[in-house]
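What follows is a single chain, given as structure tokens, in the form predicted on its own.
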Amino acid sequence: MQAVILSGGFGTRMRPLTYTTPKPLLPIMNKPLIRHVLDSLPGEVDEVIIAANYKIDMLREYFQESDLDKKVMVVDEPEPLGTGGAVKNVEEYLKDTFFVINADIISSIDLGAFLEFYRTKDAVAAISAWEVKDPQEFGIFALDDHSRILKFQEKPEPWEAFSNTVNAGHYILEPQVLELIPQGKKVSLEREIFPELVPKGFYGFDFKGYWVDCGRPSSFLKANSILLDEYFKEHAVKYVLGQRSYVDGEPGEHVSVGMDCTIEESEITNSIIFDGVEINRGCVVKNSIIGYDVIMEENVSVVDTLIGDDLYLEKGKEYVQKVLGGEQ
């Protein structure tokens, strides 16, 4: 079976980190975001097609160097084509029923159970379903007692919202759905194609646990915290430490420290620290993401802040709710 992973965005809300690294390769718990997605695929999926554009060479290099039990192909999307156009762009490689998954979703969905659910239905498509309090930023849909979708609407206005059940970014599609998508044009699956599927046999698969759309720094940190809580159940610690890294003492909860880092006695909580970072004595890092090869001199305080790559933070400086790092 095949899976298409949609990785075509520019990651604008994660800048400046995405000036140097495509969002799918940004690390959560020292593993690229897209690798978490691939690792969630059921064993039946033996071929993965990455639909990408931005910094595509970095993605290709990563997968060439990765030891995976699946064939991975990175296909260029010459210009942004939307979710529907991106899937249509890889049509020539698709053979049968296939998954489509957004590359920036971290969730507890059991994709094997999703596939089993789908096979019990007379369906042309299915979508994962998640409950939220405010559905304005999502596609919403209503289900009947047999999980069939009765109505679908993308990002409703507050007065239009008829459901709190939202699109969680995992789809199973039949090849015939591709016939609805024009070639070479920008098309949204959610806005233009899914409403057309409602009368054809479109189903929603509800799941529980956790779901995070990692589109912005706050949600990236949330995903890191959730996965570390899961890690705690097995390892009894809520932090991870990369190879060849040294920390004087122990970091606080919900901390990921990359490889080749040196952290002297400091207060670190709920943060992601990329590879090659040096943090000197007396620093405070809270609710922040620190990019590659950053140096922090003594007594630097970083709170609710995003730090780009290769920056030098002078002794005693304080950064609260900042974004550091210019355009590349």
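Nothing here was measured: the structure is a model prediction, and the numbers come from that model. Position 1 is the first residue in the sequence shown; the rest follow in order.
Not on display, but discussed next: the form predicted in complex with guanosine-5'-triphosphate.
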- prompt: Of these, L81, I106, L173, L197, which has a heavy atom no more than 4.5 Å from guanosine-5'-triphosphate in the predicted bound form?
  reply: L81
- line: Assert contact residue (guanosine-5'-triphosphate, in the predicted bound form, non-hydrogen atom within 4.5 Å, options L26, I268, I263, A51) equals A51
- prompt: Might L6 be said to contact guanosine-5'-triphosphate in the predicted bound form, defining contact as any heavy atom within 4.5 Å?
  reply: yes
task: Examine F10 and determine whether its closest non-hydrogen atom to guanosine-5'-triphosphate in the predicted bound form is within 4.5 angstroms.
output: yes
- prompt: Could you tell me if A86 has a non-hydrogen atom within 4.5 Å of guanosine-5'-triphosphate in the predicted bound form?
  reply: yes
message: N102 versus guanosine-5'-triphosphate, in the predicted bound form: is there a non-hydrogen atom within 4.5 Å?
response: yes
message: For the interface check, one of 287 to 295, 66 to 74, 51 to 59, 271 to 279 should have non-hydrogen atoms within 4.5 Å of guanosine-5'-triphosphate in the predicted bound form; which one?
response: 51 to 59
